[in-house]
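This document starts with one chain, in the form predicted on its own, laid out as structure tokens.
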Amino acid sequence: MQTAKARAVAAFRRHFGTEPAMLFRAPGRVNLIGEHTDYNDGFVLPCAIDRDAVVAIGPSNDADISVVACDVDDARDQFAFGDTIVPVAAGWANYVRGIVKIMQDDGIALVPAQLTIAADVPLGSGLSSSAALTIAVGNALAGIAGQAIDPTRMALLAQRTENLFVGCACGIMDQLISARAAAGQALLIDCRSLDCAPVAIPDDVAIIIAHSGIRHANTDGAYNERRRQCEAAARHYGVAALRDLAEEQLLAGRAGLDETSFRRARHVVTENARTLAAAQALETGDMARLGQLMAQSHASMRDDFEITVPAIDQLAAIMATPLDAIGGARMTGGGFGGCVVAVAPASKVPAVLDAIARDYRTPAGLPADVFVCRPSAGAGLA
């Protein structure tokens, strides 16, 4: 199978009859721990993966943007600059339209361009294909216009695209790690200050990602509902965000808060503490402690935040069992499907892969898509 880069270039030649002027890439990500904490101003511990969205771009003689999506049967969209940019039925096109509008609204001068997009980040997998797409397109548009955009600023623009144009109330984690990741490292991100502390992942530690076969979408109502519930809980406790709540305060002030909102808040408060502890465990090579924290995180997502599904719970258990508590597995991403991630000694990889192949089938009866990755660099030229 051709790489995403090769497919983007071939499509550019096919549709536009010339070579692209520039090529840009942005990676997907896997979140090792820290789920639904980002929009609560909390802590997350993601790393970029070696799966990218790639954009081939060149100047256009028309006064507009023309774009081809290689992974959607070469679907096309064309639109003019200005205030008339509105969402359309084709979901993929709204990420392109949205980042163009948001960048223009932020005062960034863009130029007419033609683009092709290809990706090898699985859609609906919980590996942030949407952030990879938006960051790659944003960097390509800036690059062809001769604009230098700071990676954190680009991440914020991409987040606003999802929040304001696409309709997903996501936090900043996905965009920030795609824009700022460093090879060989996870990033401990403070989602309030946007400070990023690198956490080295030892060479003898592997990251194993298995897709449940259930596609999820953060634009579905359940994701946004969880955010509203967290905001309601923060108002109950009188704090700006659940990040500001200690576990003792959570318990002491729960009177008058409905049980569901309390459990949502308990997940966020305890997940923040687990994320900080996991970063320390990973840095010191304490794989047993990391495994405990990942198991606790999955249980909290299942029981308190209620974002796992039975197939995900089964897959997490299958992946964790061969590790013998040295390393761990948990659901990763927004929930309701997607992937499970395991962090394990490299020596355990064959046993984990064998267990998945033997014991798991997707709801369609197929083997899970599985890949082993190392933390990759953030967005840049392809």
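These numbers come from a predicted model, not from an experiment. Quick note: we count residues from 1 along the sequence shown, nothing fancier.
One more form of this protein exists, namely the form predicted together with alpha-D-galactopyranose (GLA); it is left out here, but the text below deals with it.
Residue contact with alpha-D-galactopyranose (GLA) in the predicted bound form: F336 places no heavy atom within 4.5 Å of it.
Of the heavy atoms in D38, some are within 4.5 Å of alpha-D-galactopyranose (GLA) in the predicted bound form. When contacts are judged by a 4.5 Å heavy atom cut-off, G171 counts as touching alpha-D-galactopyranose (GLA) in the predicted bound form. Using a 4.5 angstroms threshold between heavy atoms, P46 stays clear of alpha-D-galactopyranose (GLA) in the predicted bound form.
Taking Y223, F165, F262, Y237 one by one, only a single residue has any non-hydrogen atom within 4.5 Å of alpha-D-galactopyranose (GLA) in the predicted bound form, and it is Y223.
Residues within 4.5 angstroms of alpha-D-galactopyranose (GLA) in the predicted bound form, judged by any non-hydrogen atom, belong to 326-334 and to none of the other stretches in 50-58, 326-334, 65-73, 353-361.
Applying a 4.5 Å heavy atom cutoff to alpha-D-galactopyranose (GLA) in the predicted bound form picks out no residue from 348-375.
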